[in-house]
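Take a look at this one chain, the form predicted on its own, written out in C-alpha cells.
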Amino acid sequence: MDVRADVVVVGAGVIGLTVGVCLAEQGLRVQVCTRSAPSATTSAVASAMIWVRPDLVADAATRVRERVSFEEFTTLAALEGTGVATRRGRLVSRQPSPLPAGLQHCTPQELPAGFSTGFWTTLPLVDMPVYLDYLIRRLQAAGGQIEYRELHSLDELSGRAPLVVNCAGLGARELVADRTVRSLRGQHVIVDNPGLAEFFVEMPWGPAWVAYWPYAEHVVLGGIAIPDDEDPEPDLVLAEQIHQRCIEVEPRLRDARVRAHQVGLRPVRPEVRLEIEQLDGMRCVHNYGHGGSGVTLSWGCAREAVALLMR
C-alpha cells in the first residue's frame, strides 16, 4: 500500500486545522484534504467568542470541551499574530433569568431598553481570518500539508493513510451520508470600529438577536439563525435589520462605514459526532456537527479526537 501520510484530515475549517495541528505537533505526517481554502470556509466568518456555558445549559462533555478550548485561547491571547484577544463585555437577556455566580451583574443603567438581566465578563475573541492563517503556519511548521481536492467518499482515501479524521462540517451530509446534518444560516455586517472596546451579546440566541464584537479596526454585527437556508449571498434586508438592532443598543454604530456583508452556513446536528469507526483499511474518527460553536469547541474536540485516533 502506497501510504503518503500517517493521517489524512478531511476539512480545513477551524475543526480540521486544529486537529491537524495537534497531530502534526505529535510528530505524525499530516495531510489536510479540503475542497475549499480555509479563508472560504464557514469558520472564516465566525464571530468566535469563546466561553464556557453554565451547568444548566450544557452537558458535561460539552463543558469539558469548552473549558479545554477556553484555556487554549486564553493562552493564545498573550501571543502576537494569533488573532486572539481578551475583551470585556456584557452578556444580557430580555427575560429575567438566573445569573452565574461570581460575576459582576449589570446595573439597571448598564442594560439597554428592553433587557432585564445581564452580567459583565472577560472572554477571548478571535479574529478568524488572522487566526486561520496562524493555524496554517503552525500546521506547516510542524510538517503538515494542505491538499486541495474534493472528495465524494472516504473510500477515496484508501491507501493514502491508515488514519483519517473526518472534519467535513456541512460536507459530511454527502461525504458519509449523514442526513442529520443541517445548515443553520448566519449573516454578519462588518463595519469600521467607531471606538468600541467592549462586546455585547444577547442571550439566549434565537432566530434573531443583538450582538456586536469589536476588533482593532472593525466590528462584527449579528446575528441571525435561519434553518435549512443555504443561500450564500447576503440578504440586504436582513443586513439592515441587523445593523439597526445594534444601533439601538450602541448609537455610535450609526455612522460606522459598512465594510462587508458575510454569510456562514453553520453545520448543525442533534449532537456533535465525535466517535471512531473502522473503515476498509483505515481507522477513522468523525469530528463534525458543531453548529455555531465550532471555534469554541475546536481545541477540546481536537484533543479528544486525537486521543480516540491514537489509542
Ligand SMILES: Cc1cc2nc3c(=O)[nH]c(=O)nc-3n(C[C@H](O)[C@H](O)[C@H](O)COP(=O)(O)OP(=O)(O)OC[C@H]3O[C@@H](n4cnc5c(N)ncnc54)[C@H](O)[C@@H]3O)c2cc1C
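Please read these numbers as outputs of a predicted model, since none were measured by experiment. Don't overthink the numbering: it's just position in the shown sequence, from 1.
We do not show the form predicted in complex with this ligand, though everything after this point is about it.
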Does any heavy atom of V30 come within 4.5 Å of a heavy atom of this ligand in the predicted bound form?
-> no
Heavy atoms within 4.5 Å of this ligand in the predicted bound form: does E217 have any?
-> no
So in the predicted bound form, does any heavy atom of G11 sit within 4.5 Å of this ligand?
-> yes
Taking heavy atoms and a 4.5 Å cut-off, does T62 contact this ligand in the predicted bound form?
-> no
Just one stretch in 112 to 120, 98 to 106, 137 to 145, 180 to 188 has heavy atoms within 4.5 Å of this ligand in the predicted bound form, so which one is it?
-> 180 to 188
Triple contact flag V45, R149 and H290 to this ligand in the predicted bound form, non-hydrogen atom at 4.5 angstroms | yes
With this ligand left out of view, choose which of A256, V285, I242, M49 has a non-hydrogen atom within 4.5 angstroms of it in the predicted bound form.
-> M49
Are there residues in 233 to 265 with a heavy atom within 4.5 Å of this ligand in the predicted bound form, and which are they, in order?
-> G264, L265
